[in-house]
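Below sits a lone chain in structure tokens, taken as the form predicted alone.
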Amino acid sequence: MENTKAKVKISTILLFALCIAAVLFLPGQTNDYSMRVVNNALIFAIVSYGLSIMLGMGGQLTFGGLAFMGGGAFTAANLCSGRLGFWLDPVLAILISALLMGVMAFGLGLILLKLKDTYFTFSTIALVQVAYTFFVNYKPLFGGAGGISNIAEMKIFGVGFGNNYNLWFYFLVVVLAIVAFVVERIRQTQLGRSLASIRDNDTAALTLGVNVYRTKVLAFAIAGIFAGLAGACYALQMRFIGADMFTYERSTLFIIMAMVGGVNNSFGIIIGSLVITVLPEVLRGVPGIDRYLQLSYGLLVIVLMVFMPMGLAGMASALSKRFKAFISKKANAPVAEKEVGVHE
């Protein structure tokens, strides 16, 4: 038992050290555009954490995260642009946007989660399409095709963020750490265990006293809060928001991010978001890459599902276990040889 605890501490320290190194050195080594891309990856990771709860813990695939992200983004944009006749503090707008999307997700979850499995998944695809139609066409709330601009600069303790993407990076790291902590706590609570039992067998979970419907609705609401939070952060960082960001094609990217990184691994979610967001920028110089990017994502997901169903995080975990087993075998080999010699 003591050895197990020591191993957990070492892996945790390594991950923590890696995160600290990224936070300390990344802002000083990249330009504004690259930092904005990294910041977007962190924002997308917040949405993907909602998918981790729904799909990773509960086994329920949903495309609805993008709809709630859009809702959070336009809510924050309206509250901070003066379009409603007043300006709200951006930090307060972020909190209100997240809570509002949580309430909306709860209400919609009560309806959509009456559907089972793939029917529910199809309904979330329809939700994304309906939300996009509203974003494009309903000008009073969403600005129509032109979107919403002139969003107020975010300030914390009098320090303006503006286009300082380094400051945004530190802010988003803190937000992402809080979200990751909440997800890990959920994983260890009654809600997390109920979701896991539903994922494995919802009929068995029902016989064990788990309220399957209520648990799924609660998980959907939490995912909505995360998506609304991410959308509000995105709108305030960009200081402009348009409907083009919230098409169905983009909603599939969140699925790919979670699958590539490891849908049931909190650290893998961040890795997957970074890989899928940064990869197009790295390959930008390759002629015609835009035409084959979606094809590449599809092939990548197929390969991962066949050979590494737990994603990159699962692959790293498997390699770590094999390495530890190899080291343990080498360390015990002399002892075994001595025992053989004694018996001889």
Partner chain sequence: MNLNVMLSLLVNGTAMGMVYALMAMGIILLVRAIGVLNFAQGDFLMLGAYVALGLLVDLKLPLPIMIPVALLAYAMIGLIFMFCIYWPLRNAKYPAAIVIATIGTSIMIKELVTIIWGSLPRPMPPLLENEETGGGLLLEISGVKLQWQMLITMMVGIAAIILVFVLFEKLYAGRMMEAAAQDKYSAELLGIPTILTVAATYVISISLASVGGFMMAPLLTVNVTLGTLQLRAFAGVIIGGMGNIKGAIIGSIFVGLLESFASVWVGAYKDAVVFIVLLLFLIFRPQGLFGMKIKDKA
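For clarity, every value in this text was computed on a predicted model and none was experimentally measured. Numbering follows the first chain given and starts at 1.
Here the subject shifts to the form predicted together with the partner chain, a form of this protein not shown in this document.
Stretch-level contact analysis of 309 to 317, 278 to 286, 64 to 72, 37 to 45 against the partner chain in the predicted complex, using heavy atoms and a 4.5 Å limit, identifies 309 to 317. By the criterion of a heavy atom within 4.5 Å, residue 259 is counted among the residues contacting the partner chain in the predicted complex. Proximity of residue 56 to the partner chain in the predicted complex falls within the 4.5 Å heavy atom cutoff. Using a 4.5 angstroms limit between non-hydrogen atoms, residue 125 touches the partner chain in the predicted complex. Proximity of residue 119 to the partner chain in the predicted complex: non-hydrogen atoms within 4.5 Å are present. Site residues 222, 266 and 321 are none of them in contact with the partner chain in the predicted complex, judged by any heavy atom within 4.5 Å. In terms of contact with the partner chain in the predicted complex, the residue from 138, 87, 170, 181 that brings a heavy atom within 4.5 Å is 138.
In terms of contact with the partner chain in the predicted complex, the residue from 159, 115, 103, 91 that brings a heavy atom within 4.5 Å is 115. For the partner-free chain shown, 248, 249, 252, 255, 256, 259 of 237 to 260 come within 4.5 angstroms of the partner chain in the predicted complex, judged by any non-hydrogen atom.
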